[in-house]
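Presented as structure tokens, the chain that follows is alone, the form predicted on its own.
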């Protein structure tokens, strides 16, 4: 399958993994010759099935693990370098904080760890903490805890931010508010590496999506490019806006449908035929001409979920 792979490390690179192999003591190969570059002002969504190597890649960039082979750099330095770490912020999915400290106290303590922290008022606004500053962490709901942990990740006004499943437990309004903040951070030149199982979130936020599977880089590109590549648009000017997924009940054999110009994939499940085409109008005209009894017709734009499943199957 064709893929848009990582270009050479650019001059605006903030962090990079170069030819990384990571093998654990139990023999498990977590990463296999993986290269990844994060650039200034970029939101990158790192996607992959469970066990693909996402957590290992993030741990390497955070300096919490060392590669078996290859090179890791953040701001041109080893990720364990103190100055480099002071320029990073991390929000972990399993993050915790002292239960009996108030939100205000937690945020102020974290700000004190950094030489040039983000102003307190800006942190409160960015994370939507205005109404819960006086509450103890142990009194917060799951979504409120996520918002406070997001504030802690931003406390040092970092240039590189790791967000691991940041919107888990958030309602729709809070999730959209966090998206707005993340976009604003990127607009200020901050670099964000996002891991999420919400593919809608990756599609809405990311400038670039990186898919890894079994420790290898599968695909890297804009959301539109990833959808196009995974669904078989291998040439011409097809994009995710022209690719369509068609479902219908038809008497046409699948092997005949595959010969129609524009059709890149076709299959049959029970009585339902599903196909992908880069020329939806022409494809439908020909199918209806060949089979006037065609019915139960659905035409949809491809979702990132379709692309993800195609790339990682």
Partner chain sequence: MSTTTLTFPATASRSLPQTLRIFLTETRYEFLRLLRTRSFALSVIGFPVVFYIFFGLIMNRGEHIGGITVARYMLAGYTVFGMVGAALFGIGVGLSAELAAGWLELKRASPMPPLAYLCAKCISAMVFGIIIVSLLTLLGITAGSVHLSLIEFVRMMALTIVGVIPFAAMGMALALLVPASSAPGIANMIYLPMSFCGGLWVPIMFLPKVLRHFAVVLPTYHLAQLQLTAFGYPSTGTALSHWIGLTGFTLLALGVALFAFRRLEQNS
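Residue numbers count along the first chain shown, from 1. Predicted model, so just to flag it, every value in this text is computed and none were measured.
This next part talks about the form predicted together with its partner chain, which is not shown.
The stretch among 247 to 255, 284 to 292, 55 to 63, 269 to 277 whose residues place heavy atoms within 4.5 Å of its partner chain in the model of the complex is 55 to 63. By the criterion of a heavy atom within 4.5 Å, residue 105 is counted among the residues contacting its partner chain in the model of the complex. Its partner chain is not drawn, but in the model of the complex it has a heavy atom within 4.5 Å of residue 95. Though the partner is left out of this view, residue 85 does reach within 4.5 Å of its partner chain in the model of the complex, counting heavy atoms only. Taking non-hydrogen atoms only, residue 198 never approaches its partner chain to within 4.5 angstroms in the model of the complex. For the three marked residues, 12, 25 and 115, a heavy atom of each sits within 4.5 Å of its partner chain in the model of the complex. The contact residue chosen from 129, 90, 140, 177 relative to its partner chain in the model of the complex is 90, the criterion being a non-hydrogen atom within 4.5 angstroms. Within 4.5 angstroms of its partner chain in the model of the complex, the stretch 134 to 152 places a non-hydrogen atom from each of 136, 149, 152, taken in sequence order.
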